[in-house]
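Single chain ahead, written as structure tokens, the form predicted on its own.
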């Protein structure tokens, strides 16, 4: 399997959560050993997960939630 940096970004979540098949995991680990940008990306991705898990569970302000839902609905409507 030839692994590109773009493919790394597509399979990274499966790698981090441990659900990536062994052959793909081995290929990814070899890629990470030789690709500094992807290794940095993985570290940043992992650090982001750790930081977001440590955030307090605070509800969004109602105005922000309304704006977010409106933006999401608009984007989904344009995509569909």
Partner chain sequence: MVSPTDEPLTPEVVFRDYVPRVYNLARRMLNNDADAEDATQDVLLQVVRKLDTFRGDAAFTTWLHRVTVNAALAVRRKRNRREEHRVHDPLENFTEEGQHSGFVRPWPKLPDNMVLDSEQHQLIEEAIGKLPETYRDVFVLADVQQLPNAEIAESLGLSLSAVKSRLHRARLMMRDALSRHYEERLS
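Just so it is clear, the structure is predicted and the values come from calculations on it, not from any experiment. Residue numbers count along the first chain shown, from 1. So that the term is clear: the rigid core is the largest set of C-alpha atoms that superpose within 1.5 Å between two forms.
Just so it is clear, the following notes concern the form predicted together with the partner chain, a form of the same protein that is not shown.
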Would residue 38 count as a contact of the partner chain in the model of the complex, using a 4.5 angstroms cut-off between non-hydrogen atoms?
yes
Taking the partner chain as it sits in the model of the complex, is residue 10 in contact with it (heavy atom to heavy atom, 4.5 Å or less)?
yes
According to a 4.5 angstroms non-hydrogen atom cut-off, is residue 49 in contact with the partner chain in the model of the complex?
yes
Consider residue 61 of the chain shown here, and say whether it contacts the partner chain in the model of the complex, taking contact as heavy atoms within 4.5 Å.
yes
Those residues of 59 to 75 with a non-hydrogen atom no more than 4.5 Å from the partner chain in the model of the complex are 59, 60, 61, 64, 65, 67, 68, 69, 71, 72, 75
Classify residue 21 as shifted (yes) or not shifted (no) between this form and the one not shown, where shifted means its C-alpha moves by 2 Å or more with the rigid core superposed.
no
Threshold 2 Å Cα movement between this form and the one not shown at residue 9, rigid core reference
no
